[in-house]
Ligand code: GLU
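Presented as structure tokens, the chain that follows is alone, the form predicted alone.
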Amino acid sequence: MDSRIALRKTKHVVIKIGSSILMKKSGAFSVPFFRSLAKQIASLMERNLLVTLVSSGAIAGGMHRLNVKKRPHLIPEKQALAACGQTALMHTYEKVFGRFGIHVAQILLTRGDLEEKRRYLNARQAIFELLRLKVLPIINENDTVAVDEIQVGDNDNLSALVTNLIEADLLILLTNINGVYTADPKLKQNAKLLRVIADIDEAVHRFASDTKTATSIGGMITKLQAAEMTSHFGIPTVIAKGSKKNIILDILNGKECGTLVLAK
């Protein structure tokens, strides 16, 4: 419980939002979720917490706009959908945060931006300046130009790299289930939620399932990869259900929500 209470001292949080909770079953953006997210983040910013958002949804948004039912495999197709969907995604963010007088900024990164020193420092300085100006940075992988050689590959791992880049205190991964279970809770009724993970070992990795849907990639496997990375950076991670009311505020108030992966 002490580890949860320690989260109340968070000064800078990175929040990663997956496509599975951004989108409705119809494939359109879930405006009620966007509004709830904006309300919670506005509350945090009023308390002078620094918030950086890592958001999926560009390809899914492009799929909805262009009436594409199945996520493509070919890179040019994904690039085109991302280019089309990214504008819709940012427009939605601008509208919901605008109600609270919060400006948002788009930052698109590739692996090269996080590996080459000059570009790494430029990205870091840009984010810090936006935070100083009380603008919400919204980060996504630059799927329009990213090919296999320069891809991070998923926004879970990207969010872990960003958390280290800006030296945040906490990473929150919001998904469509309550956290890490001992088995897939959709398949096994006796699956148990792991409240705290001190070490992501082979046994924990075996619990994860690689859930690729029509609009998203990754699953619990990439979330554990991200949490393991941030743990080695000395930063805790919480994996929790994004649709739960006031989930972000509850996490930062030290309530027992989702799965807490401790920092090493």
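Throughout, we count residues from 1 along the sequence that is shown. These numbers come from a predicted model, not from an experiment.
Missing here is the form predicted in complex with glutamic acid; even so, the following discussion is about that form.
- Between 56 to 64, 197 to 205, 30 to 38, 229 to 237, the stretch whose residues reach within 4.5 angstroms of glutamic acid in the model of the complex through a non-hydrogen atom is 56 to 64.
- Although the partner is absent from this view, residue 155 contacts glutamic acid in the model of the complex, with a non-hydrogen atom inside 4.5 angstroms.
- Glutamic acid is not shown here, and in the model of the complex it never comes within 4.5 Å of any heavy atom of residue 110.
- Heavy atoms of residue 169 never reach within 4.5 Å of glutamic acid in the model of the complex, leaving it off the interface.
- With a 4.5 Å cutoff on heavy atoms, residue 92 does not count as touching glutamic acid in the model of the complex; it lies far away.
- The candidate spot formed by 182, 184 and 259 is out of contact with glutamic acid in the model of the complex: none of the three has a heavy atom within 4.5 Å.
- Scanning 9 to 24 for heavy atoms within 4.5 Å of glutamic acid in the model of the complex gives just one residue, 19.
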